[in-house]
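As a starting point, one isolated chain is supplied in structure tokens, in the form predicted alone.
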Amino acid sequence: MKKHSSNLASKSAALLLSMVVGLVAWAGSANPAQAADQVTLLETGSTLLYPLFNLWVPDYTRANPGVRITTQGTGSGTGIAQAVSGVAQIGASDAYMSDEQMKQNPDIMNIPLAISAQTINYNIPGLNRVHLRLNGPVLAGIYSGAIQYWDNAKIKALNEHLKLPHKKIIPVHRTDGSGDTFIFSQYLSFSTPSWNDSTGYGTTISWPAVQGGIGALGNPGMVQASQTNLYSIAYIGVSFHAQIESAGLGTAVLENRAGRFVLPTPRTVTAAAHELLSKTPTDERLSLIFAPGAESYPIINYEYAIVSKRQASPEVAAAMRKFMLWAIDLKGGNSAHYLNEVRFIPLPSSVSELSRKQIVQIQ
């Protein structure tokens, strides 16, 4: 009887060991398969777009566990460069690529995801709750060093009802390759011929040497530099409106092409966009800066995903197509639920369709 019990115990132990070994083997084979099924995408670039991606990604990946998306706010210049080199699958940019860049990289596409704007902000004690009137020529004068004090006659002429201080202006500009610099310098170029002739526009430009001027990294750096330097002025992406408000900065009303002074609101951004929608080409590279129209806010732009038509694998391409189609969908990433938080407006249907036609080319 004891011998029988011993044999039974031995068989039970062997069976248990076999089950454990089987479970370990199953787990070992299941985990790699699960990892292999997950696709990882890297998004890097625009600090203006960065807050929107950080709203999108948690919700999208929760609903699509087979894809992992990493986001990095590195500046539009880096976003473009890393998408072109293949380091990143999505290069976020406030700027479209130039004709020369496109000739060198024919597989790269510039795909609008939404429409945004840029604000001009300042830190003037006693005036931060007031909307100063500014225009392209005055801003060009400030950033070129021709206008040095807040009570300069050209600023006073736009703000006759205000007592402006005789304090030196501290212009703040981006030091990284930046789509914000691209659209700000476009506004200066399109509104002020002398700026266009001397400095021009781009994601990086040779800023005129202005005594006391400050360089900052990314939109977070622009907010911080303006907050910590009295009498400063800066250009900041509208998606940082909460940080601008928290820092107590003022926001300018800007003169548009029609000579009207307007704030960036959904109405004025939409008005500007609709003035130029019909001019959007199939490759969607188009400036929306300084649009005509009485209600148009002058510094708005398409927010671009810079992507290659040719991805590393069919799985990556499929994940890219699915995510980006969701991003431009009015029931997905272009819904008010997301865009209102960063003060963007959705793509109009005609532009959304152009983006869709580009997205489906990813392979």
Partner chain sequence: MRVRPIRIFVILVASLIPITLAAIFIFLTLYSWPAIQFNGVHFLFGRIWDLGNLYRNPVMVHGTSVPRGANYGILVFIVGTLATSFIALLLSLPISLLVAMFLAEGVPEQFRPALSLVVELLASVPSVVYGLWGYAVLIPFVANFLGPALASVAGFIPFFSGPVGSGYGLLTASLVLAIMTVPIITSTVYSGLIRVPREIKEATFALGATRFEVVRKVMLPSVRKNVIGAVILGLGRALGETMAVLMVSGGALNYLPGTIYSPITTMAAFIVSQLDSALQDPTGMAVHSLAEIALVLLMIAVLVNIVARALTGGQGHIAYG
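Numbering follows the first chain given and starts at 1. In this text the structure is predicted, and so the values were computed from the model without any measurement. By rigid core we mean the largest C-alpha set that fits within 1.5 Å across both forms.
The next section is about a form of this same protein that is not shown, the form predicted in complex with the partner chain.
Undergrad: Decide if the three candidate residues 99, 201 and 224 all line the partner chain in the model of the complex, where lining means a heavy atom within 4.5 Å.
TA: Spot residues vs the partner chain: full contact, yes.
Undergrad: Do residue 248 and the partner chain come within 4.5 Å of each other in the model of the complex, heavy atoms counted?
TA: Because no heavy atom of residue 248 falls inside 4.5 Å of the partner chain in the model of the complex, the answer is no.
Undergrad: Evaluate residue 268 for contact with the partner chain in the model of the complex, applying a 4.5 angstroms cut-off between non-hydrogen atoms, and reply yes or no.
TA: Close contact is absent here: in the model of the complex, residue 268 is far from the partner chain, nothing within 4.5 Å, heavy atoms only.
Undergrad: According to a 4.5 angstroms non-hydrogen atom cut-off, is residue 209 in contact with the partner chain in the model of the complex?
TA: Because a heavy atom of residue 209 falls inside 4.5 Å of the partner chain in the model of the complex, the answer is yes.
Undergrad: Contact with the partner chain in the model of the complex for residue 215, defined as at least one heavy atom pair within 4.5 Å: yes or no?
TA: Residue 215: yes, in contact with the partner chain in the model of the complex.
Undergrad: Considering non-hydrogen atoms and a 4.5 Å limit, which listed residue (159, 144, 152, 229) is close to the partner chain in the model of the complex?
TA: Checking each option against the partner chain in the model of the complex, the one that comes within 4.5 Å is 229.
Undergrad: Of the residues 119, 74, 123, 256, which one places a heavy atom within 4.5 Å of the partner chain in the model of the complex?
TA: Going through each option in turn, the one that passes is 74.
Undergrad: Using a 4.5 Å heavy atom cut-off, indicate which stretch of 215 to 223, 111 to 119, 127 to 135, 273 to 281 touches the partner chain in the model of the complex.
TA: Only one stretch qualifies here: 215 to 223.
Undergrad: Determine the residues of 241 to 256 with a heavy atom within 4.5 Å of the partner chain in the model of the complex and present them in sequence order; the list may be empty.
TA: Nothing in this stretch is in contact.
Undergrad: Could you check whether the CA atom of residue 123 moves 2 Å or more between this form and the one not shown, using the rigid core for the fit?
TA: After core superposition, the displacement of the residue 123 C-alpha between this form and the one not shown stays below 2 Å, so no.
Undergrad: Superposing on the rigid core, I want to see if residue 183 changes position between this form and the one not shown - specifically a Cα shift of 2 Å or more.
TA: No, residue 183 moves less than 2 Å.
Undergrad: Core aligned, does the CA of residue 237 move at least 2 Å between this form and the one not shown?
TA: Moves: no, less than 2 Å.
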